[in-house]
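Below sits a lone chain in structure tokens, taken as the form predicted on its own.
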Amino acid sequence: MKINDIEKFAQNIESKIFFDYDVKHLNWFNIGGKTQIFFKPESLKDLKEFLKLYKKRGKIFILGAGSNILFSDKLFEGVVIKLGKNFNKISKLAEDKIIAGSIVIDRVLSDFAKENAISGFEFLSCIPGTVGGGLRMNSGCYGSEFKDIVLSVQAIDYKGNIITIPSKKIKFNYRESDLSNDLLFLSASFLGKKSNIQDISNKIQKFKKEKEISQPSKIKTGGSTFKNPINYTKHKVWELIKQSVPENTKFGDAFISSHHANFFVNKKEAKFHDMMMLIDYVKEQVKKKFNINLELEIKIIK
């Protein structure tokens, strides 16, 4: 890939561009190699100019909190873009409406809604991701999903064109949406319901307590590894895994969490290959015992 023009571009903007950049510390698994280009735009102007210059000469991956992705150890032949702090703004549009930048942390959006007595955002307190990632995969928990609160999405395509997409034109399904992969989300508008801060706070505390009991924390994990099977309601995916895979199954430093069987853990120095071996083994065992094909919830980036 020719990058002379990008190197020149990097010298004339405030935003940061790095070459041959290590992605290992940009994701929760703490796994991965390098990317040819890492771009952290601090303004919409720099982002637009970069996209017009880059013209999809290689792969493009938009990185949020890094909570549900698994990077390959090989070189990512393209650019990883992580939006800067100017895309981290949040404000109230009306008594029951909020607009948030795409890198606003879900928990922060939940807290902002609580402080402004707007309900409907409580479930976000337990999702370890960003607004952008939540839109892409229709994140959810405890009976609520992004689709329930989204009004519209503001985005930029890879040619530098800015568009607004109303929620009625977006098809949301379980842990996915039909939003184009050639879109980079800038912000989203949300609609909740007026309530009172105490009721909202009580609901958030209830969700957090349930999460603390059922899920591991402060470890190198990507969150839920597999989606719950849509047409199978007898068991949750963690139960399928627990009944199919022997305890203490591991490949290198890639383990299954003893706290929650759908959380895979990098105990120390697991590599991409180790984690993929564990993923494939679990899929095979569940297929063998229950004849169910598990679908990944985490995203594999290579």
Ligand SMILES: Cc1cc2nc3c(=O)[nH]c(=O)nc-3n(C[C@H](O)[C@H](O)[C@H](O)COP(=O)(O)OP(=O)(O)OC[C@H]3O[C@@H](n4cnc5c(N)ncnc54)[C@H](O)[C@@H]3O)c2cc1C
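One rule holds for the numbers: they count along the sequence shown, beginning at 1. Fair warning: this is a prediction, and the values are worked out from it, not measured in the lab.
Omitted from view is the form predicted together with the ligand, to which the following refers.
Comment: 67 to 75 is the region of 112 to 120, 67 to 75, 162 to 170, 88 to 96 lying near the ligand in the predicted bound form, near meaning a non-hydrogen atom within 4.5 Å.
Interface residue among 149, 184, 200, 80 relative to the ligand in the predicted bound form, by the heavy atom within 4.5 Å criterion: 184.
Put simply, of 44, 53, 245, 62 only one has a heavy atom within 4.5 Å of the ligand in the predicted bound form, and it is 62. Shown alone here, residue 272 lies farther than 4.5 Å from the ligand in the predicted bound form, counting heavy atoms only. Proximity of residue 188 to the ligand in the predicted bound form: non-hydrogen atoms within 4.5 Å are absent; the residue sits far from the partner. For the chain shown alone, residue 299 is a contact residue for the ligand in the predicted bound form, at least one non-hydrogen atom being within 4.5 angstroms. By the criterion of a heavy atom within 4.5 Å, residue 211 is counted among the residues contacting the ligand in the predicted bound form.
Scanning 23 to 51 for heavy atoms within 4.5 Å of the ligand in the predicted bound form gives just one residue, 28.
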